[in-house]
Structures are given as structure tokens and as C-alpha cells.
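Only one chain is shown below, in C-alpha cells, and it's the form predicted on its own.
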């Protein structure tokens, strides 16, 4: 492929964007074999980009005070020049929506289109986590429904009442997702239709649940066992449990909880694939922009501008650098993609020992597409972080034991440390380790209706007292009765601590 320059200088027009998109499309499909949703590219201003940031990056979302607060924070640091804006936002939808800022230069528009409209787009469409948990075809219609439904609730019940409910639901949104695979969920629109049909039946079931009061003899045990079965205890999805079983919630309040829960579930795969998703998009944009330069479609000056932005994105400060804030997912993801391509094309003897299934197979894009489709961050790192990359990154593993006077270097990047380094870094990306494992354990069905939750404690990590108190307060708002949260050692089942809260009068 070769031809005239797609653009000269920094200026661009809508025709330029179309030409860039078409040229990128050729490289993406014919040379990289990417499989994407159709693209919808929208040009927005910096203020609109700030607005999109504030509302979790979605083009449509219901109103909530926290979005406005976030907008003010972002705008303040942006106007003060303390932080720049990302050049793009991309929505996992069909068609895939990619926002580009009108302030971008022509080179940056090409970079964004290659990165978001093709790299992220391919990942959204093909990774099993997104295929399992998200509905790309229905998300925009569902967000439109959610926005209109909550606006109608505000008119009918008052903004303060709706905000109070949303505050409580948002506080529990991390505990409002299903974490384990099950059969493919139905589309959001179909789920909405079915929910309307089920609502009358659910209300009947709910009334049976709380109307039945044990009287004596053998009947009480059977009734309570039946009620527990209806409640599906224990239940890991707390928002789902409250939506179905909270005694005092009105139907419109249950529907609001359902909206918050489904939106939280939509974002769940992104939490598990940050390194892979950014690594895929960054590797794709690098290959595409390089190919456009090699074939004369962008100039030397544009390519240097691209390289500057690309290098900034994959910069990994050292642990001693004041700007260090952990592992940069762009850097780790891009380096791992390049490393896999190297192993496939030109492996060393060490690579052949560690990666016998892919070393020297010769088709790096086929291997990468397979990896992008079938892994999430923790399993990806556990499977593909190579000794070569561990040496390049100079990785080491530090253990901070409670009560120990000093930190301990458990392993370094040598023969004895490779397996431990890979295992320990992979564990940092397990979502379950970073989100407290809290489940609804029981309900006092025969008397006080007190709700009992269990927090499974690993490695002695108890909840922060202040955070636990705030979340319990929101929980009592939704449940309507006393709530007790017991922290239980995951290995001994010993109750280490208990938190209790009662609803405000």
C-alpha cells in the first residue's frame, strides 16, 4: 500500500478524518486482521470531553450530583494547566463510538482513530469478558431508558429522594456485580421487557416472603427454609439481593437499584482487562501508524509527532521517580504485546522452554488475536510475562509483613525468582483481591428482619472502620432494618470483628 499524504500540517477537515479512517481501516483489517464493530466517530470540544469524563465516559447517563462535582474537579485542574485531557474516549457499543477532540492535530486524530476506533474496538468485540458480560448492541438504548426513567422519578418523587437512593446504590455498586461466569445474559432491552412482565409476579412473591409468619410446631422451620431458598442465600450480589428482597422499597426504587446494578456490571470487564485492553490498542496504533509512515501516507514530521505522544503514553517511571504511581498499564501492556510478537517471530532457547506452544510459530498477529480473545489481566500476566521482560523491567517482589521491622525482598529477576515474580504480579490484577469479598449471609426472617453480612478476610486485611460505617449507613437506608457486618477469617472462620448499624428514624 502506498499513496499520497493523508494530510499536511496540523489542520484537518471532516474529509481528512474520513480519509484517515479509510487508510487505517485497510491496515487494520488486511495486515493486522482486526475484527471490529462499525465505527461512529464524533468530534467534540474540550468541555464536552470533560463532561464525558465526569459521567464515567458514557454519552448518555442519568443525572447525579457526583458527576457535576467530578466535572468541576477535572475542569479546575485542566484550566490551571495541571493536567491535560486524554485525546479520546471510546464506548463499547455497536456501532463503536469514538470521541475525538476538535483541538487535536491531524496526526493526533489519526492516532486516536487507530488506537480507539480499531484497537479498543477489536478488543471490545472479541474478548470473552466483554462477550460474556456486556451487551454492545443494547447499551445506548438502555442508558437512554435509564436516563428517562430516573428523570421521571425525580419529577414524581422529588430530586432529593432520588439522589438519596442513588447515593446508597452507588456506595454499594462494587458489590453489585456477578463475578462468576454463567450462561450468556439476555440483552438489556429484552431484560427490561421481561422485567416489566415479571414485576407483578415478583411483588406477589415478595409479599409472600414477608407476610408468612411462623406460628409453631414443625411449620416454622419449613417456612424459613422456603424463605431462605426464595432469597437465594448466601448471595454475593448485594444490590441484586436488595432489589429483590428489601422489605420497604417501592417498585420504582427497586428499578433504580436495578439500573445502577446493570451499569456497574457493564463496566466490570473493563476493571479486569485494563492492561490487556490498553496493550492491545497501543500495539495496534503503533503498528498502524508505522505502516502509514512506511507507505508514505503520513510525513516524517507527523511520524515524529506521533512517536512523541506514543512515548509519553508508554513511559514507566522508576520506583524512585517522584511521578511514580505504580505500574503504567499502557507500558506493561504494550511491552508484553511486543514481547509476545518477538517470541513468536524470533525466540531464544529460554523462550522455547517457557513458551513451547507459541515460540517460533511465526504468525504474531494470529497469536495476539488469540490472546486478546481469551485472557484477562491476571491470567494474561500469569501466562505470558517472560523472563526476558522481567529482566528488562528489573522487577522484584517486596513483602510487607505486619509487625515486621523491615520490608523483605522476597525475590528478584533471576532464575529462582521468575515464577514468584510472575505469580505475585498477576495476583495484583485479581479483581477479587482488590474488592472486599462481602456476601449476604442470613436474614432474621422470624423476628427483627436483621440483615447479616459476612466479609471474608484474607491475610488479616480488615475493612477500614470509617468506610465500613459509611457503607453500612447506606445499606440500612435501603434495607430499612438493622444490619450487622461480621468480618470472618477466611481460613479459620473465626469472627474477627463486627460492625452494626440501624436505620435513621
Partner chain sequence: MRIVDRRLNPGGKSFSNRQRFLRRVRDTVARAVREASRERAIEDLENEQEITVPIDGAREPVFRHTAGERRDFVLPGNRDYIEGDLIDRPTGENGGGGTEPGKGGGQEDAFRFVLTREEFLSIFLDDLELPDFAKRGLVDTQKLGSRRAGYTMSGTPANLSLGRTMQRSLARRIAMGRPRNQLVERLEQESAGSSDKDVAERLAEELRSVRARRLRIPFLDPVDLRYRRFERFPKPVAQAVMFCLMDVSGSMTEHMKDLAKRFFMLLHVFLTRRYQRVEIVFIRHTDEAQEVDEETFFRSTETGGTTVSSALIEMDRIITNRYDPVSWNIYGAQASDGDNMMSDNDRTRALLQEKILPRCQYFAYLEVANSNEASPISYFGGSSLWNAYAPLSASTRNFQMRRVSRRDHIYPVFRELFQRREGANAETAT
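The structure displayed is predicted, hence computed values, not measured ones. Numbering follows the first chain given and starts at 1.
Keep in mind that the form predicted in complex with its partner chain is missing from the display, and what follows is about it.
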| query | finding |
| --- | --- |
| 4.5 Å heavy atom contact, residue 492 to its partner chain in the predicted bound form | no |
| Non-hydrogen atom contact residue 31 with its partner chain in the predicted bound form at 4.5 angstroms | no |
| Heavy atom of residue 171 within 4.5 Å of its partner chain in the predicted bound form | yes |
| Partner contact for residue 395 in the predicted bound form: its partner chain, 4.5 angstroms, heavy atom | yes |
| Candidate spot 43, 65 and 70, all three touching its partner chain in the predicted bound form (heavy atom, 4.5 Å) | yes |
| The unique member of 307, 152, 407, 366 whose heavy atoms fall within 4.5 Å of its partner chain in the predicted bound form | 407 |
| Listed residue (295, 311, 434, 232) with a non-hydrogen atom within 4.5 angstroms of its partner chain in the predicted bound form | 434 |
| Stretch in contact, per heavy atom within 4.5 angstroms of its partner chain in the predicted bound form, of 314-322, 370-378, 297-305, 337-345 | 314-322 |
| Residues in 129-163 with any heavy atom within 4.5 Å of its partner chain in the predicted bound form | 154, 159, 163 |
